[in-house]
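Here you get one chain, nothing else, as structure tokens; it is the form predicted alone.
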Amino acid sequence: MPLICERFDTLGLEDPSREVRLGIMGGTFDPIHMGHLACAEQARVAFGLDAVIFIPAGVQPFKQDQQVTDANMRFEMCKLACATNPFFDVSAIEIEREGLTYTVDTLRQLHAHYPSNVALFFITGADAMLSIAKWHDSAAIADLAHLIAVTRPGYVMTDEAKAELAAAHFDVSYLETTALSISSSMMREWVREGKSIRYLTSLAVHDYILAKGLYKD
């Protein structure tokens, strides 16, 4: 069976009688930044997750017309960012999969790999959660994972929106995280403009971006 990730590939096998909670963070990560890392860590603590796997996207259906950094470079940046947290790791399964990247395919692959005592918790922004019903085979997503909708201070997800998700049988929990006003697009723009991105991402990722000359053009 293909490797999911190095640190947590055998998750759940140590004690089949115990439920293991595995967090999943998907995204382009172009580049990964402190906002991503803080969100994953706060979700890990709030929901008692045993591990969180970051999964850089291969070819996203909604970004086919956008220029995206080479997948192997984005994967390497995620590895560098997660290296110092023993609860984090990175998986290349979406990069290695041919065709468009769909969340439902990733969740199915994870279910096939891990034993039945491993429960999946898919972490995403509350704004993305509002459109999840439009995702490819979204009904299956509801059966495959518990969803964690991450909000920021000042952002309110209405009761109507929550009711719509519940009516569609999505199992959603809501988590308000510390506001970090950072985005990957902002970081790319700052690099192009010659501004410093130190402390917006890990030092290892910062140095990698500079060494490879990313986002200059």
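Numbers for residues come from their place in the sequence shown, where the first is 1. Keep in mind that this is a model prediction, so the values were computed, not measured.
There is another form of this protein, the form predicted in complex with adenosine-5'-triphosphate, and it is not shown here; the text below is about that form.
Shown alone here, Leu49 lies farther than 4.5 Å from adenosine-5'-triphosphate in the model of the complex, counting heavy atoms only. Proximity of Arg152 to adenosine-5'-triphosphate in the model of the complex falls within the 4.5 Å heavy atom cutoff.
Among residues of the shown chain, Thr158 is not one whose heavy atoms approach adenosine-5'-triphosphate to within 4.5 Å in the model of the complex. The closest non-hydrogen atom of Ala168 lies beyond 4.5 Å of adenosine-5'-triphosphate in the model of the complex. Proximity to adenosine-5'-triphosphate in the model of the complex, defined as a heavy atom within 4.5 Å, singles out one entry of Glu76, Asp127, Glu96, Asp143, which is Asp127. The three residues Met25, Cys39 and Arg188 all sit with a heavy atom within 4.5 Å of adenosine-5'-triphosphate in the model of the complex. Residues of 168-182 that come within 4.5 Å of adenosine-5'-triphosphate in the model of the complex, judged by any heavy atom, are Leu180, Ile182 in sequence order.
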